[in-house]
Ligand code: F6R
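To begin, one chain is listed below as structure tokens, in the form predicted on its own.
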Amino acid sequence: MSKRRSAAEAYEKIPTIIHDSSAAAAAALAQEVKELITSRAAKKKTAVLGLATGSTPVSFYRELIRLHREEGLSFKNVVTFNLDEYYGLTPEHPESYHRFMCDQLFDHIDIPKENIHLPSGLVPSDQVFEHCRAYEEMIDAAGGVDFQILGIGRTGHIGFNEPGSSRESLTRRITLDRITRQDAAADFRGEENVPRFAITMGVSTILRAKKIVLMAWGENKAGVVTKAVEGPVTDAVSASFLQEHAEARFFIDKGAARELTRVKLPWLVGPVKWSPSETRRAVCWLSSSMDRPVLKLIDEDYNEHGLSDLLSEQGPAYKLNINIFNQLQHTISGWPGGKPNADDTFRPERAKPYPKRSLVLSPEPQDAVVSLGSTIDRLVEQGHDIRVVAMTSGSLRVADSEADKFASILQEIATLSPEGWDEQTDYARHILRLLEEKGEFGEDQPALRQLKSLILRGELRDAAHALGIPQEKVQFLNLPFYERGRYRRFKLTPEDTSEVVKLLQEFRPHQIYITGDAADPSSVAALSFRALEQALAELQHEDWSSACSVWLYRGREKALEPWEIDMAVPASPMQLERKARALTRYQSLTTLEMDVTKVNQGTAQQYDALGLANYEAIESFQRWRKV
């Protein structure tokens, strides 16, 4: 098949379809799989599917289940081979891929058990080679994989083919990359619990499939998708080997597409409709490319970098530069709640009412302090009525070591007390026993999960106190989807939306801060954002709701680019230091979360490079635009 379908995709070496949403992409892919299964069944032949795990294919599997239940799609003629499995996990372990596939697909369709194949995570070390060779032979005996489904990791891996995996690699045991283990840390209650090895199909094994579709959702995958689609074929990004396959395609959503040339720099591949946001993006890009402030760009810079149409439409350069410089300047505000008694014509947030009721929503208890700690500090300083709300307990991210530490200290205090601590001693012993019984890869019992929730509650209260927020202004929703689920397996319910509706009706905020709009659709942040979105839709006819500002911040996703920012809140060195001190209250931050002050400083440096004021750090926000 032709690798290039239009001039706009000139930089892309793999056909890449951008869908409006992950749900739309999953539905389109499921329809293709349905056609394969039914056409093979009509010929009394089997359809051999290669399947992936992780959060990415969840929506695809749910659509297959729907097709089975509502449209009668049978899987009796389907044979499956999974890409990989963690080495050392039993099939019953909650994070094993065997358990994942049963929970997400196999237990809900009519596929014969003998048609299901997964690598074993328990094969003895001296038998791994033979086990992997046998897995290859089973694939060949089934006639090869007809349709291989893939996701992509942050290292660019397909399956568990980490950087360095060769084009010729076959099914084998592999050592997991540090980044891969960090990404799985929340699933396993801490990076120290993530298995160090996995058994995976090799790159060569995957490329033998007749058809391949790789799925990717959310902005976190945008950079690595672009490397795989537009970059060179390299073993540093195993997904790039798909460029060599004649029937490989990428199905991605808008978030995962944001770094593709046709999306990020459309003027390089064809005509552009110069909307205000597109114009701002182009000028910021040109300034960065030239390493020159916006106000110093000249006509030749535009003409020599594919922007002659923009120059002819909105130029000359001096006029265009001033326009964009002023737009960027107007995003900067040290008054995130609005400046009282001021002309707010060019300010991001309106002046009235003052003070405002500011609702800061944190999908997990650390998210808000990590992403807008300095802005919270300013809101408190400027007298607004601020409430910080943890939408979920965050208990799934707390390491066993934290629970062990708490129980051990409690037990030690009890030994120093003369009497009256029998209940506390029994509780501490119970927690320590649960930790011992669960072992390295066990499931948290309710009492242990509750303790972890309480630990994070205390950390959020401490962090909020460090930013000047009293305990009574910190609230915990404990949304049901989180308490009943696990990472990669969450399902939003009407109960979740109802809890958010109650919160909004009680507080009636003038402004809301939230993240998750650009996150992986199955993540805690994305589901929390959807709960807010649905709640606001229910309350849209209330007076306060229609006048409420909603500001989006970035959590684990890539920081907003200057052209995307609608409000840039500067932080002084002292404010940044207060934020850093608040973050020390958390014991379960990821490496990315611990380095967030550097990200804030990076945003300030970008503004400085564009020719704006030089601040110590900037926290950035985007106004939510309802589509």
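For every residue, the number given is its place in the sequence shown, counted from 1. For clarity, every value in this text was computed on a predicted model and none was experimentally measured.
Just so it is clear, the following notes concern the form predicted in complex with this ligand, a form of the same protein that is not shown.
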property: Single option in 30, 576, 52, 37 placed near this ligand in the model of the complex, where near means a heavy atom within 4.5 Å; result: 52
property: This ligand: the contacting residue among 400, 301, 84, 349 in the model of the complex [heavy atom, 4.5 Å]; result: 84
property: Interface membership of residue 532, this ligand in the model of the complex, 4.5 Å heavy atom rule; result: no
property: is_contact(residue 202, this ligand) in the model of the complex, heavy atom dist at most 4.5 Å; result: no
property: Partner proximity in the model of the complex: residue 250 to this ligand, non-hydrogen atom cutoff 4.5 Å; result: no
property: is_contact(residue 152, this ligand) in the model of the complex, heavy atom dist at most 4.5 Å; result: yes
property: Stretch in contact in the model of the complex with this ligand, which is absent here, among 365-373, 269-277, 106-114, 152-160 (heavy atoms within 4.5 Å); result: 152-160
property: Within 485-499, the residues that have a heavy atom no more than 4.5 Å from this ligand in the model of the complex; result: 488
